[in-house]
Ligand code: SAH
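Here you get one chain, nothing else, as structure tokens; it is the form predicted on its own.
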Amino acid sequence: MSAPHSFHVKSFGCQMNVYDGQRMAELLEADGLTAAADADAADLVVLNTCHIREKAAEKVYSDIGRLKREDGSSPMIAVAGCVAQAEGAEIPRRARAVDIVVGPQAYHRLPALVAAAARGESAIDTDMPAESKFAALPGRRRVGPSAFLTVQEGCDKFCTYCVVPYTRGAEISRPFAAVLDEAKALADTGAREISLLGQNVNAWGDGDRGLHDLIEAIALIPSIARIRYTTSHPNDMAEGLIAAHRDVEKLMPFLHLPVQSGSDRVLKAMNRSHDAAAYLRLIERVRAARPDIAISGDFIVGFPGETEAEFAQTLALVEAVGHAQAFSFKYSPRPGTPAATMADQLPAAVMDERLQRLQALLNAQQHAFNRASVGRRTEVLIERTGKLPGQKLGKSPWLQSVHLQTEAAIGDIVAVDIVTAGPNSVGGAEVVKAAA
């Protein structure tokens, strides 16, 4: 196989995968390859995979099949990410078109693996080396107005349904200085907003420093106007981080804090290490620090053994919190996790019906949050152009999608009155400054 000259990276799943995909693209460009607009135009296609859901893993194999071209040829194919880590050498055995397999802790070696594959050699690397991959990555290239920055990886929580500890490894935090340097580099490329990422991002620490110290330091970068972080674990929501929502103006009033269930028995079976009452008390403390904060969460319905009464406790918790956004899923058994072998696996029809009821409630709460925004004056970070002439799309501080007519440039932050509200977005009218 000849060495590729162009590449395309397709990322599935979480925001950390999006970040990893961007970094792989930067690696390949630094190695002399050119980014292609789509897979059809690329000599090398990187499928950056997610292993959280069963369908997401199966989708990878479907995508591999679709990469075969009309003349019978295929590009060089690399499978990266968590499916690569979980299945390793099984992937090319199951899909012979795959040339490279690389896990999420080894993707800094991607250019060497590409070269090995071009020579016809084995190109599988699912090691979890002790040294950080981040030091081997190239400098950041130009990004959009909002940029992701991974600060923490891995998980030590071992929730019984989750594969992350096995595919991403133990919790590790990047050094304070390295993260701050990357934040400054992102600012230099035009980023106005930085979202700090981690499997348990609020577990980040470097010596005596916690995530709130990192947020305070990034807030001192003049051109960075907004800071966000995700995903958090309730057990790592330290007092300093709660206080940062009150004290750091650039920290946006939005918190994604997964709870998964409102049933204490289910939470214990999940190994979540908190109960529903403790979660609700935590939400109260956060809202006391920042009354206008928008709360987002994650929910799993149909965990093994979940009764109708226990599902009703989840609905009650959702009612008590009131969400601006949320993600909800049917339980998906993942091979190798303790929950996959638990008794009382629920029928799909039961999970489907419960998910529909939960999503109806969550969607109603999101729509209500958006309607409550009408009449509010706020600032919107312009991120891209819309479908209509003169239309731009951006985000409010509460992570709402906002559409408006404006001549502002991408990356500008404009004052906006929220004038309409839909289920998934709001409409704004730019505040026109009075002539001097």
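Position 1 is the first residue in the sequence shown; the rest follow in order. The structure presented is a predicted model; accordingly, all values stated were derived computationally and were not measured.
This protein has a second form, the form predicted in complex with the ligand, left out of what is shown; the following refers to that one.
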(message) Please tell me whether the candidate spot formed by Gln199, Gln260 and Arg334 is one where all three residues come within 4.5 Å of the ligand in the predicted complex (heavy atoms).
(response) yes
(request) Give a yes or no for Tyr161: in the predicted complex, does one of its heavy atoms lie within 4.5 Å of a heavy atom belonging to the ligand? (result) yes
(request) Evaluate Ile52 for contact with the ligand in the predicted complex, applying a 4.5 angstroms cut-off between non-hydrogen atoms, and reply yes or no. (result) yes
(message) So in the predicted complex, is the ligand close enough to Thr231 to count as touching (4.5 Å, heavy atoms)?
(response) yes
(message) With a cut-off of 4.5 Å between heavy atoms, is Glu284 one of the residues that contacts the ligand in the predicted complex?
(response) no
(request) Pick the stretch from 172-180, 326-334, 213-221, 245-253 whose residues have a heavy atom within 4.5 Å of the ligand in the predicted complex. (result) 326-334
(message) Just to be sure I understand the contacts: of Val151, Ile300, Leu186, Ala84, which is the one whose heavy atoms reach within 4.5 angstroms of the ligand in the predicted complex?
(response) Ile300
(request) Just give me the single entry in Arg272, Arg192, Arg140, Arg354 that has a non-hydrogen atom within 4.5 angstroms of the ligand in the predicted complex. (result) Arg272
